[in-house]
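Two separate entries follow, structure 1 and structure 2, each one form of the same protein chain as structure tokens.
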Structure 1
């Protein structure tokens, strides 16, 4: 039975009495919370973020988790692991009753409009197992082929010797069902829908979109983008650009008007369906560095974006600009101060400097951020899975060579 990955998002008001000094109290427990979350074996990534109200005071606490399996099981494990921090973390929410995380989630969980997964069908346990398989094999090879008496041997012989040595380690090897549909029946329906509905609708709507665009360009307040010396960037910079993984949180108001709200929903619906029906194996827009990402629309006409990605901010944003600017422009052109677009999907995110400054302007600091496998990139996860998959059964010389080349 394949494991499915899910997104859980809660954005709820903070009790007024808990607001004061909340960010400092969250910062103070971050490393303890990270340690505690290790016991939640269904958890890939999680974060707590404070969202300021118009008065600049933290008025909402947002939580995201990316988890395996049933939500009820996940919540039970979360509640147990975070029991020592319940009052601070969950108890800061208005209307939260002690001991009833499930009840609060049932009332307050928000759907992700678009949820992107970089390695679907691989559970946390599987990812950690695959990492250990890879590391064990690498270590065996580091002992040196000469020492193992394998010099001049064929790939098949070397592989068999490695697998013999791996056998006692108690690790799972061989193929695992990731739950991909053998023949996704809805894909064709989606293409038909795109060709006969989405494209004509987009063409019909184009003049209207251009009119909205030009009207807004005149009416929107002048952009107040973050300055090069803005002190808000320091804490964000201090946290990010960790060697392997980082978490980006971005929160931006919508541009006013019913048109923008509609377009936003249609674009996010479209991306979500494209992801489910075409890119279900986890590649979208040529970017291979995102573990999980989501857009969530909030009821105060703002949009939240969470991303758990590999490498530096500069490289990640560079990928956005170089490879995915059309998708991102289609989404974010509906939001405040986004760089000027043409026909809603051109311009915008392809304007490197303007797009990066806009992103920085609405980026907010994570208070608590957790990853179950901090040292693994998306490509590590996928490659480790291939190594594990090939670590059982018989292979031809050519297959064995290809498998060994992954190490």
Structure 2
């Protein structure tokens, strides 16, 4: 049975008595919390983030995780692992009662409006297993090259010898159920929605959208966007690129009015359906560096965006501009001070310098950020899965040669 990945998001007010010095207290336990989270075997990524109020003082504490399986099991494991830090982490929330993480989550959890997965259906345990399968096979192949030479030997023979020696390693090999939707029915349903619902609605709403954009350009007060060398970004820059992956947290207010809120929800609904029905293997927008990402709409007319991605911030935002600017513009054109757009989807995120400055302006420092497989990129995870899938059954010479090329 396929393992499902889920998104957990809590954004709750900080107790007034806990606000002073909370940032420094979180920084002080960051390393210890990261070490403790290793025992939560269902956890892919997690973070704690402080969100400032209008007075510039941290007024809310956000926690988010990407996890396998049932939420109840995940929360029980979190509560156990973080028990030494409960008073600081969870106890900082207003209304939290000691020992009742599950109860607090039941009342305060926020749904993700859209939830992107770069390697869906692969649990933490499976990802680590697949890494070990490939590393073990690489080591065995290196031994064979050193001892036997392998010059001119059949790829099928080499593969069979590797698999015989791998068999005693206690690792899972062969295909696993990743829970992908039945095809082609899922794709057909999506395109029926596009043709008969999305396109007519977009055409009917286009004149109104153009009028709204024109009106907002005239009325929106200007906002000074930060430059890349602004000292305000130093805390964020210090945390980036420490490992193969990075975590982006972004928080921005919505543009006022019912229209913008509804458009935002419709766009996110469309992207979620695209993700579930046609991009279910993790290919939405052609970006191959995102492990998990999601938008969450808050009840104070602001929007949170969480992303766990590979490589540098510059490269990641560059991918956004090159490959997914229409999707991002459709979403973020409904938020304040976003670069000027046309018809809700053009311009905006395609204006690279303006988009990057806008993103930095509303980016928030991750106080505590955790990854279960720090040195694996999305490409690594998917390549390892292909190696594991191919480590069982029979292959032709061409198939065996292609499989060996992945080691």
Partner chain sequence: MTQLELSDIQGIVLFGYGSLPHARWVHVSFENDESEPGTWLSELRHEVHASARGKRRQEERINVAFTHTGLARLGLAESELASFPRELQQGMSDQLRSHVLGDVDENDPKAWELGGPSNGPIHALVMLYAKNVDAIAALRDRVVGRIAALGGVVVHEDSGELRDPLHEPFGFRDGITQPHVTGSPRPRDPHEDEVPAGEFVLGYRNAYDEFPPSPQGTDGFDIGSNGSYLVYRKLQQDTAGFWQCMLDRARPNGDAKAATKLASSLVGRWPSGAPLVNYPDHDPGPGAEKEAFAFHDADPAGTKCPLGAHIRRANPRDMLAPSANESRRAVGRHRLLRRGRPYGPISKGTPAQRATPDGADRGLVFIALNASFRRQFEFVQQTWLNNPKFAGLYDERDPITASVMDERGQHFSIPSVPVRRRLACLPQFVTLRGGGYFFVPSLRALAWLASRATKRDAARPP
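Residue numbers count along the first chain shown, from 1. Since we're looking at a predicted model, the values are computed, not measured. Here, rigid core means the biggest group of C-alpha atoms that superpose within 1.5 Å across both forms.
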| remark: The form predicted together with its partner chain is shown as structure 1
| request: Note yes or no: does the Cα of residue 201 move by 2 Å or more between the two structures after the core is superposed? | output: no
| Any chance the CA of residue 72 moves 2 angstroms or more between the two structures, core superposed? | no
| field | Per-residue CA shift, residue 243 (Å; core superposed between the two structures) | value | 4.1
